[in-house]
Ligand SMILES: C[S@@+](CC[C@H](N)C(=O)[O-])C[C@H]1O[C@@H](n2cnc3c(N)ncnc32)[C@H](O)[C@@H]1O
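As structure tokens, one chain now follows by itself in the form predicted on its own.
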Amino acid sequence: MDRVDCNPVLLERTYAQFPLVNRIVSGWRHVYVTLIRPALPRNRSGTILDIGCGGGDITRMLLRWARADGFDVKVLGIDPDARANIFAVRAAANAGIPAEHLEFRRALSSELVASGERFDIVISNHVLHHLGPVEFPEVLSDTESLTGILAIHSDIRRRRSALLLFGLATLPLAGSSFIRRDGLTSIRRSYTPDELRRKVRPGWHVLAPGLYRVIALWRPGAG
């Protein structure tokens, strides 16, 4: 789906199917409850940045959960792919989400750093395994510059059983979108906890919440 010449119909279906798949496999509700919610400021408005947000389904979920818990928060989702940005903006509008609560931009994390922007919480979902050897440390460095309280890069934990289970579970989606094919590729490209620990910048911590997830976590000044 990252190819510029990929089938646009299949791409739209992929973005549309992400909410279902991510609710099942990404574990963001647990991450929100255990890490994000305790870190959100309660005495002022808070801000969350979602790097590489794709179609924006997790961006929208985080906003919904935070506001349901009484937080005054604004969420920004960024992605360099114009097709993802168009879908995310349209999905937010269709959901009736006010622009003062949720914004999507076609942008890179480095552009936000250059403009001096800062956010309380910075997150990404399934982005790390897409990054090359130069991009990986750059995105972590950008994250450090952008984060005020907590950064969470959540990704797939590579395991053979993950390939088998995901392959079987997504058989009904085969041919209707890029979910199955790209998902299996992503699992193969993802990290084990030990691999990620060796790759992250100093000061980052790696968590393994469950059999199939891995998280790179950073808190400013935590050491």
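Quantities reported herein were computed from a predicted structural model and do not represent experimental measurements. When you see a residue number, it is the position in the sequence shown, counting from 1.
Absent from the display: the form predicted in complex with the named molecule. The rest refers to it.
Student: What stretch, of 121 to 129, 144 to 152, 90 to 98, 67 to 75, brings heavy atoms to within 4.5 Å of the named molecule in the predicted complex?
Tutor: Correct option: 121 to 129.
Student: When the contact criterion is heavy atoms within 4.5 Å, does L108 count as touching the named molecule in the predicted complex?
Tutor: Close contact exists here: in the predicted complex, L108 approaches the named molecule to within 4.5 Å, heavy atoms only.
Student: With a 4.5 Å heavy atom cut-off, would you call L62 a contact of the named molecule in the predicted complex?
Tutor: Taking the distances in the predicted complex, the answer for L62 is no, it never comes within 4.5 Å of the named molecule.
Student: Check whether E103 has any heavy atom within 4.5 Å of a heavy atom of the named molecule in the predicted complex, and answer yes or no.
Tutor: E103: no, not in contact with the named molecule in the predicted complex.
Student: State yes or no: in the predicted complex, is some non-hydrogen atom of I36 no more than 4.5 angstroms from a non-hydrogen atom of the named molecule?
Tutor: Because no heavy atom of I36 falls inside 4.5 Å of the named molecule in the predicted complex, the answer is no.
Student: Name the residue from I48, L196, C53, V31 that puts a heavy atom within 4.5 Å of the named molecule in the predicted complex.
Tutor: So the residue touching the named molecule in the predicted complex, by this definition, is C53.
Student: Within 4.5 Å of the named molecule in the predicted complex, which residues of 61 to 82 have a heavy atom? Give them in sequence order, or say none.
Tutor: Heavy-atom contacts to the named molecule in the predicted complex: D79, P80, D81.
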